[in-house]
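Coming up, as structure tokens: structure 1 and structure 2, two forms of one and the same protein chain.
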Structure 1
Amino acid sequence: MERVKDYLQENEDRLLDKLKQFLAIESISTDPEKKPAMEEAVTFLTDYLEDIGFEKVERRETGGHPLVYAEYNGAADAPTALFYGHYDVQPADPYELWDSAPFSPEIRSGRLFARGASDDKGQVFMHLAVFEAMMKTEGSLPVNVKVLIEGEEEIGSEHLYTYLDDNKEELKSDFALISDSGMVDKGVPTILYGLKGFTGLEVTLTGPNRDLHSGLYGGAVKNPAMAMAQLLATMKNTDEQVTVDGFYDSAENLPEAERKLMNEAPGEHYPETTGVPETAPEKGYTAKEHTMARPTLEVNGLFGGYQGAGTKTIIPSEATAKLTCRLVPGQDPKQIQDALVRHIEAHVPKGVRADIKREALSAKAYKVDPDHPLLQKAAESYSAAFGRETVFVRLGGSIPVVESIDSGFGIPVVLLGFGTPEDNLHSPNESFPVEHFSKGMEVLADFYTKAVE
């Protein structure tokens, strides 16, 4: 272990440079024009895995963006870890809000700024660097490893689930390991033992077949933007309770013991870190409880009519809202999506037509016993590297692959995240603390070794 740690320290600058090359690739999976960049990211990963000494390094076609697959089978009698990550990133717009260009990685004040620095290219790279360090120093890895890095996480992992289903035998492992999350606070070791599920849809309300003059037609036709406001207002009340019939019916009741854990866990001080005038959690819950363990309904995008400077006196032809929900254990994504569709269909204001696009991606929530031995080992590695007790939390975010591995393979999923609340995931100025890069690699090296014991 010491030699691995030394190697990582001695090679930190070179490894950071290599990571910067990876981050400079504009692998935005949602943008069809970035297809060449997606290919470039695949090549970066397959080249690196081959250099490290992995076997069966392959680009796997999926029907969408390819997966990167590789195996290490040199640890006879040792367990097999399935390492999952993703090489695609969120779009970077609005570009003008970035202090340095999103695909020109730059270190400032101890942070590496780039789209994907934290989510998830930076954290994927840490695993590969640890594998490199072990191979270069020990000549082997302590566990067998199956590497699966997808390119569609940010667009819903459309082809991943079929792939997992179709390749159960090849992917067979003893546990899974994912670093695509964060710590409750910078420097505070954190094990995630629960994630939210996910579903969503897009609704467009159409009134007139073109934008109309607001003077000549105002009063004759329903305004689709107002209709959208009225429709959305029927879905959530000002107590932040979702008013869609059946929404909470099968949601797990939040145990008192967990409520206590959540409220005691260190974490963000929301008004300060977000700039909001006050928090707005569901009535009867704290902001921490709501984000970690209560379901949500969010408007991710809303648009219709004129958006330029000044005034344009039109009645827009249509208005659109993009909605997603985060779900808790017990809620079935399909049933919740159905409930949303039924609610919208029943509440479309007269004078407009609704067109609903169901989001294809969905995921159930995930929860594992925090006392599981692997989670406890991971906590030890964490506490050792960061010099602080590990906290156990649930996350409001969704990592659908976790639930999928859980239900499809029946193996525990260890979530070792190294991001921080200041990382600006999905936002301008995404970044990752350089210190977490080095300490995180220590954690990984230690955990991969401990996992065998």
Structure 2
Amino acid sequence: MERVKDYLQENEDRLLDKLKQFLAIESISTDPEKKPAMEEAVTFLTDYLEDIGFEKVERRETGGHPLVYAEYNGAADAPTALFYGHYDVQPADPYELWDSAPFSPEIRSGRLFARGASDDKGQVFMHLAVFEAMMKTEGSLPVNVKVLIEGEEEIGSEHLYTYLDDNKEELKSDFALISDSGMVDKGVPTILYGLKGFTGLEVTLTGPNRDLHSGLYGGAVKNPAMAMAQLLATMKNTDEQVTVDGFYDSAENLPEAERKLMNEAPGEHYPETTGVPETAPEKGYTAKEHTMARPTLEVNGLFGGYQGAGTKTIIPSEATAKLTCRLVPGQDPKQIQDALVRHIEAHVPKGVRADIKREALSAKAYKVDPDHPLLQKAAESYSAAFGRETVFVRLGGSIPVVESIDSGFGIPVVLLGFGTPEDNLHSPNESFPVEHFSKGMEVLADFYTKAVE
């Protein structure tokens, strides 16, 4: 293990340069014009995995962007780890808000700035660098490893789930490992033992067949924008409780022991980091508890009527709201969608019609016992590298593949993330702390070794 750590330290500059080559590839999965860049990213990964010494390295066609698959089976009776990550990134727009070009990686003030530095190319690369260090110093890996790196995570992983279902025997493993998340604060080792599920829908209210003069028709024709405001107001009360029948029926209760874990963990001071005057959690829960472990209903988009400068005196023809829910263990996405649809249909104001489009991508929540032996080993590895006690939290976000692996393969999923709240994921000036690059690789090397104990 010491030789592996020494190798990583001695080669850190070279490894950072290699990571910069990876980050310079504009692998934006949502942009058809970037298909050559997606292919370039696949080639980078397959070449690197072959150079490391993986016995089987293949690109796998999916009907969309390819997957990269690799296997190492030289660890005899040791357990098998399934490592998942993604090589695609979000678009970098608006480019003018970046302080440096998003695909020209640059280190400033101890952070590596580039699109994908944190989500997820940087964290994927850390695993590969650790594999390289182990093979170069020990000639082998301590565990068997199956690598699965997709190119469609940022557009919903459309083809991944079919691939997982069709290749269960080949992908069979003892545990899964994913680094596509972060820590509660810079330098604070963090174990994520739960993720929220996800579902949503879009509702459009239509009144007249065209925009109307508000003076000639106001009072006679229902305004769809006003109707939308009235409809949305029936879905949540002033205590931040969702008032949709059945919404909470199957949601798990939050045990006192978990509430204690969450509230003791460091976290954001939301007014300072977001600019809001105060937090607004569900009555009876703290902001941390609500964010991590209570379901939510949010309006993500709301539009209708005139959007230009000045005033245009109309009754708009229609208004649209995009709604999503973050779910907790026990809640079924389909049942929650059904409950939302029933509520909307029962509360549509007079004078308008509702058209509802269900979100195709949904996922159940994921949760593993924080006392699971693998999580405890991961916590030991974190603490050894970062020099402080590891905290255990649940994340308000969703990583749908986690629940899919959990339910489809019946194996624990260990979430070893190294990002920070300052990383600006999906935003201009995305970055990743260089210190977390070096210490994170130390964590991974230690954990892969501990996994066989």
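Here, residue number means position along structure 1's sequence, counting from 1. Between two forms, the rigid core is defined as the largest C-alpha subset superposing within 1.5 Å. If you're wondering where the values come from, they're calculated on a predicted model, not measured in any experiment.
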Completion exercise
The form predicted in complex with a further copy of the same chain is shown as structure 1
Exercise for the section: Note yes or no: does the Cα of F83 move by 2 Å or more between structure 1 and structure 2 after the core is superposed? Expected result: no
Handout entry: G351 C-alpha relocation of at least 2 Å between structure 1 and structure 2, rigid core basis
Key = yes
Handout entry: A360 C-alpha relocation of at least 2 Å between structure 1 and structure 2, rigid core basis
Key = yes
Practice task
Superpose on the rigid core and then read off how far the CA of P295 has moved between structure 1 and structure 2, in Å.
Solution key: 2.6
Practice task
Taking the rigid core as fixed, quantify in angstrom how much the C-alpha of T313 shifts between structure 1 and structure 2.
Solution key: 8.5
